[in-house]
Structures are given as C-alpha cells and as structure tokens.
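Provided below as structure tokens are two forms of one protein chain, presented individually as structure 1 and structure 2.
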Structure 1
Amino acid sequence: MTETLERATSGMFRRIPSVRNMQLGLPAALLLLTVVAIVWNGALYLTRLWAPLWWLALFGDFALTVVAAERIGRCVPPTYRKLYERTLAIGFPVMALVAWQLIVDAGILSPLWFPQPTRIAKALWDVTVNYDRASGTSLLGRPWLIPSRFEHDGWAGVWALFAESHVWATLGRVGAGFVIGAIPGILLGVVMGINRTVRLMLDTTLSAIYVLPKIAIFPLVMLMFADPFGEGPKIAVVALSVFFLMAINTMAGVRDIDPVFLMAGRNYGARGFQLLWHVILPAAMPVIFAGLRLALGTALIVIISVEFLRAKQGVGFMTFYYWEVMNPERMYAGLVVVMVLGVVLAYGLQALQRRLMPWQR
C-alpha cells in the first residue's frame, strides 16, 4: 500500500514543471532586459521627453541595470565571484561617467558648470605635468626631476621638489593631525570605556564640543599659535576633529565588549594591563578601526575646507583657486584628486587593519 502511494505521488510531481525550468534562462532574460531598455529610452526619445526627463530616463536605466546584474550574479560560479563583484564596483562608475559625457554632449547640462569627463581628465593631466610659475607649485612635485635634482643639489633639491607639491602638502597636514589626534583620542576612549566615573565626567563635554563645526573654531585655533598663518593651526584643527571622534568611538567599542570575553580573560589569569592588552583592545579593535575610517574622512574634509580659507598650497587651495579664476575643468580635477586621496587612504587603513587583526581573515 505504501509503495503504491509513493509511486503515484512521485509520478504526479514529475509531471509538474519545476520553478527553475519555468524561469527564463540567462540569455533570454538579458535579451528581454535589453529590449525593455531600448523601448524605454526609445519611447522617451521619440516623444521628445528624454531631454526634460533625463533624470527619469537614467533612473529607469539604473533599475534595469540592477536587475540584469542580479540575474547575472545568480549564475556566477563561486570561483569568479570576486571578479564579478569587482566588475560591478568598477563598472558602475564607468557607466556613470559615460552617461555624464553623453548628457553634456547632448546639451542637456551646461559644459561650463559640468564639463565632460574627458575635459576633466585632460585638465588633470595638465595640472599634473605642468608647473605653475605664478604660485611656484605643482600637483605632485614633479617626481620625474628627482634624479637630476639629486645629482645637482642633493637631498635639498629633492626636498624642494616635494615642497612645491599640493598633494604632499595636504597629505602632510592630514597625516600629522590624524596621528596627533587619534592616539590620545583612543587612549582617552579606553579609559572612559573602562572607568564609569571618568565616562560620566567627560561624556557630555565631549559630545557638546564634538558637534561644533571645526571650521568655525579655526580662527580661535589660529590665535593660539605664534605663527597663525603657519602649519600649526591647520594641523591642530585636524587633530581636534580626529580626537573627539576617536574618543567617542573607542569608548563605545570598549563598553560594548561581550562580558564573556572579560570573564574568560580573568579565568586565564589576565589582570590589569594584561587584560587590557590581550582582551579589551582586541575585542574593541573593529569599532576602533571603524572610527579611524570615519576620522580619516573627517580629517580630509576639514583640511580641504581649511585650505579653502587660509592656505597658499594644498589640494583645497588649488581647487578653490581654479574656481576663483573660472576654470571649471581644473576645479573638477582638484575634486578628483581629493576623491583619489580618500580612496587611497581608506585602502591603506584597511591594509593596516588586516595586518593588526589577522583573526578576521
């Protein structure tokens, strides 16, 4: 009886088409999405609505691209998964730049305020290879002249090349301010996370000062230095921005440690500094590095803003200078340099995180 029922049931389910067979295959799905994209853009173009509703057209194209990418992602084998994800990460910005180029070429956006990416790339090349004799600066410091300068003037000549660089000026301010602010911020955050009394005393004060716009207190910081127009105030305002952010994030990371870790450390005999070094800091490290990434981005934003106001060198100064002389291509080139610096610094911090936290690999 049981065997007869099983045979009848299995035969009945074999006649029902599976959900997988009912779905469109990958080539058919991509062909369908391509047809939909052509019909969507063609209808807007033929009705002359593409120009006034270009943002709606781009939104529709973006939605179709997302659907197509997800459909392809389901068929990608695990071996090529990373390649697929990198293609998405790089492909979308490339598509956005192509769309920008086409929209400006079509006259929908003004090339005066939104120059084409090709013009911005040409301007970036110009500011990279050319030396501004009026200000005595260059973007990278002309590193191709290092061998000849070293031969004639030694290390002093090499240093003079780097001293004329906008990028190295900005990186020096960010690096110095980041280190000066992050180390005491982390130390204070650990103490506040461990000691309730210190936390109650300082938490409100830190939260109140943290929300102050750092660019607003920059004039006050300038008055604290003997040379208010030197590098000291610029580095100090970056350090202040990083300090408060790291103190608050580190305190939160230490407070949120699972008590099981502390109990396990004490059971193995860890006390005092040993407990701090082997249990508390490693457990709070993910939150600390998350705070470091935020602090690094904040430091870059603050120094660019400061260079807008009070600097004769730096990527922020270069960007604002080309805005003042109405050279939008080079202004956008300066913004591109800022974005590249942000990406490079973030990847460098991630590499440091992987090295200091090998258990997360």
Structure 2
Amino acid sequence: MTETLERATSGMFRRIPSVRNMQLGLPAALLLLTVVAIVWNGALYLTRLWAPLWWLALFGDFALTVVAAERIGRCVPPTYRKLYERTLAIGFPVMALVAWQLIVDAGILSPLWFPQPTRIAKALWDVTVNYDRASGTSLLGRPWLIPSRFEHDGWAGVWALFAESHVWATLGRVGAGFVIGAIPGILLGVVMGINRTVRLMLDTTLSAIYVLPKIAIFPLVMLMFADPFGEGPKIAVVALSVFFLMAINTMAGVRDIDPVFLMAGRNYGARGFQLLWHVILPAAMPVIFAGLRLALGTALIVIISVEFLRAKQGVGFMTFYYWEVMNPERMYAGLVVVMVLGVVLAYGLQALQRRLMPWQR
C-alpha cells in the first residue's frame, strides 16, 4: 500500500540538480577552454585569416577569457573574493595592453596610429624629464629642480618652474574656472529652487544656454577680454560652462527636497540663513555633488578644446602640438596625462564629498 503510494507520488517530483552536480571540475574546464582557444586561433592562423580577421579573432578570445574568468570566479572562496575581483579589474587592462603591444609588434596594426604602450611610456618619460626649448615648456615643471632654483632665484625661480608646466597650466585654468563658476552657480540654483518667480523668469533662458556647446561661445568670450589670448577667456569659458550646469542642477536638487524637512526646520525656529545652512544646503548636497562631478567632466572637455584652439601651454596644447609635428607617441602621452588628470580630480571631488557628507552610507 505505502509502496504504491510512494511510487505514484515520486513520479510527480522533478529533482532539480544542484549547481555542484552540473559542473565540470575546474582543471578540466580550464583545459577545455585552452584547447578551444588554441584551435580557434590556430585554425584562423593556418588559413591565413588571422591578420585580416584579427578583430573577429580577438572577439573570440575575449569571449573565451570571460568564460574562463567566470568559471574561476565560481570557485573563489568568499575570503578571496575581493582579491579575485581586484585581479580581474587590474589584470584585464594589463592583458589588453600586452595584446596591443604584441599586435603592433607583429605588424598587424600600424605603429603610426597605435604606437605600442612601451613607446608611449617612453614618450611620457621623455616629455616629463625634458624641457622643450622651442615652446619653453615642460610637462610637470621639473619639480626636481626646485631646490637648486630656490637657492639661486628664490621664490621667483620656483614660480618660473611652475609657470613652464603644461599640467599646472591646465590645472590652474580648470581649478580657477571651476571655483569661479560653481559658487555663484550653486547660489543662483538655490535661489531658483526656493523662489518660484525667479525660477519662472530664468529657467527657460538657462536651459537654452545650458544646451549650447560651451566651446561655441569661446570666440565671444575672447572678444570680451582685453587680452583675448591670455588666461582670462580660458578661465571664463570654463567658469561659464560650470556655472550653468551647477545652477540647473542645484535648482533641481533644492526643488526635490522633501517638504517635511523644510517644515521641520521652520517649526523648530530656523529662518533665512539658518534654514539655508542647516536644512536647504545639506538636503540638496547629494544632487549638488552629482552636479559637480558632471561639471568636472565638462570643464575638462572645455579646457582641452580651448587649449587645442588657442594656447601656448597646457595639456591640450601639448597633445595637439605633437599631432601637428606628427609625433604620435607624445600625442598619446598627452592623452594619458589628460586621463590621469581626470581621474585625480574626480577622486579629489569624491574625497571632498566624503568629508562634507559623512552622513551618507
């Protein structure tokens, strides 16, 4: 009796296999993937298709790498999870650089357009340690000369070193423009967020100017300054682009504040500046910082384009200059410097945010 019942019910259940049962062992899986990779590349190579179809070959290799990494990732115990993820995040770009190097070395891609990473690194070293006599510039301003210059010429000598640097020129313009644009932008945004009349009067105009590519107003800005080729217009155009973005962002942030916070602030006696300082600014802070990150990206785009157009110094100038003299390694070196600048500035902004907003998880 019970036996028949058991048999009758057992047919109704489907055993769902556990993850462990479904998988090939790790060594076996990796071996299989390696064999597939060898066959795939070998077949293409032997048919002489690897060179013309290098992009397809690389895509296949990329897919195989992903599968292999995922398979390894499944076996990583939780204690090593972080290490594994970091290895993946750093290891893959390194692998890509090695692949780039090998492909160009093999003559598949032209070193004229894609100079090998080692040559770019060498170029970066060269522009860092050397002083360019023709333009009177260097990349970092040769900081190792600071002690000897200080002995000779005092602060003026140190200043002269900073003044010859591409990086400091760009940083100075971005920094000055950022501060000059962001502070009034945030203040105007707060006013527009609080006051409906001001918002209605200005919103359309600001939105219209906001979508205008800021580089397009550079000629106009140059006209406004006594010295169109000096630092003034360059800083001003960065400041303008940051200003409009911050005004619009801050306005949105202030309007999004939960009204209950404003009510609580008022009910507990905060008025005017107190309400701004204790309630409105902190409540809008997350959106303000999101705006600042966007503004930083825009500021970098604007300053590099401006330096392409009209500058005797700056990272953008350097990049463009080496394009003009057909020195691709140094051009790439310029791009690397721009990337590093972007990352460092974004990291600085993040550090500032953590400091100003410790209440965020």
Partner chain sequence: MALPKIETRNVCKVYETVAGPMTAVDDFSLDVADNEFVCIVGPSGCGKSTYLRMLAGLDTHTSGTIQIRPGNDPKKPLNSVVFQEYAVFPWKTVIENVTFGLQMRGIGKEQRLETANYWLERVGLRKFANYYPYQISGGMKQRVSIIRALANDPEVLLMDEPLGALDAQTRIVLQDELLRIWEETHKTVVYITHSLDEAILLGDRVILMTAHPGRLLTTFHIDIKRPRTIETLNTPEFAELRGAIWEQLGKEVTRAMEMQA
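In this text, all values refer to a predicted model and were calculated from it rather than measured experimentally. Reference numbering: structure 1, starting with residue 1. So that the term is clear: the rigid core is the largest set of C-alpha atoms that superpose within 1.5 Å between two forms.
One of the two isolated chains is the form predicted alone, namely structure 1. Interdomain rotation between structures 1 and 2 (smaller rigid part relative to larger, C-alpha based, rounded to whole degrees) is 9°.
At G107, the distance the Cα travels between structures 1 and 2 is 3.0 Å after the core is superposed. Core fit done between structures 1 and 2; CA of T65 shifted by 4.6 Å.
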